[in-house]
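In structure tokens, the next block holds one chain alone, the form predicted alone.
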């Protein structure tokens, strides 16, 4: 099928033309001139990003497989790949450009931020979008607008590869000790999956995994994505439980009030998740989580089932 692509320059022209047409439509409708001026004074973030020629992304740097630094100090991870895919759509980047850091980094700027800086940085216009494994909650949705989901996280169990256990069902009732990152809901979180577990908390995910490595615990309760990443990196050492619990949804976040920008990001994400560009998402998913996704089926759109 023929899939023509507009050049970066043509996209700029199209956006400028769209703004002019919008202003003309307002004038024809008989609205006051200051209404047109207000529109012109606040172009969509989409227009701003295209005109700037660079997407500014808020993300982290210490949470594999989502966003972390490689041996050369360069950001890698699933969120970084997703940001690259947004840049691909915004600036018509080729596969060759996406594979070359020097090429794609011309169109992407990362602002490394703490989790509690995600919303302030977005609302203060320091960044264009948050790509930082941000969980959707009603409280956060009062401050930002979330895109469609791009991943569903959950809690699972990480075992040593030779463990006799495979998941919550066969470890329950065994008096097992399970490690987890210390947080206010750590004990209840573990016991929601393994009711009789003795819970041992640690100050970092790394230390909870070290407790597993040393045999001090029978399993570690961990994010599904992190468990899959560790097992994919060292399948002879770890295995992931066959089940999970307490799902939560990850999405990108944008500043409220810009429907054009939100619509574009949602459209781009949708096509990576279930459309023409699925192979890019599929590759990033396999590289970071060690899971090969099946292509979405043809016929009735799977997202409405």
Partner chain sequence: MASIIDELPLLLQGVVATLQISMLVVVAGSIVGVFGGLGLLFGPIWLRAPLRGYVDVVRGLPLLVTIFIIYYVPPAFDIDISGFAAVVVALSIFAGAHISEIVRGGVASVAKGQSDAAKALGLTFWPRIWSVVLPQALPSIIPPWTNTAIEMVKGSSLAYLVSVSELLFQTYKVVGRTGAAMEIYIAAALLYFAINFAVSRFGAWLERRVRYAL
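Rigid core (definition): largest C-alpha set, two forms, superposition within 1.5 Å. Residue numbers count along the first chain shown, from 1. The structure displayed is predicted, hence computed values, not measured ones.
From this point on, the text means the form predicted together with its partner chain, which you will not see here.
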| message | Which residue, 191, 105, 207, 166, is the contact with its partner chain in the predicted complex, using a 4.5 Å heavy atom cutoff? | response | 207
| field | Position in contact with its partner chain when the complex is considered in the predicted complex, options 195, 141, 114, 99, heavy atoms within 4.5 Å | value | 114
| said: The chain here is shown without its partner chain. Which stretch in 133-141, 211-219, 82-90, 172-180 comes within 4.5 angstroms of it in the predicted complex, by heavy atom distance? | reply: 211-219
| Among 61, 203 and 237, does every residue place a heavy atom within 4.5 Å of its partner chain in the predicted complex? | yes
| Do residue 94 and its partner chain come within 4.5 Å of each other in the predicted complex, heavy atoms counted? | no
| query | Is residue 124 close enough to its partner chain in the predicted complex to count, meaning some heavy atom within 4.5 Å? | reply | yes
| message | Against its partner chain in the predicted complex, would residue 69 count as a contact residue? Criterion: heavy atoms within 4.5 Å. | response | yes
| task | Check whether residue 184 has any heavy atom within 4.5 Å of a heavy atom of its partner chain in the predicted complex, and answer yes or no. | result | no
| Core-aligned, is the CA shift for residue 225 between this form and the one not shown 2 angstroms or more? | no
| Fitting the rigid core first, would the Cα of residue 158 be found 2 Å or more away between this form and the one not shown? | yes
| said: Given that the shift is 3 Å or more, do the Cα atoms of residue 204 and residue 112 end up closer or farther apart in the predicted complex than in this form? | reply: closer
| task | Report the direction of the Cα distance change between residue 231 and residue 279 in the predicted complex, compared with the displayed form, as closer or farther; the change is 3 Å or more. | result | farther
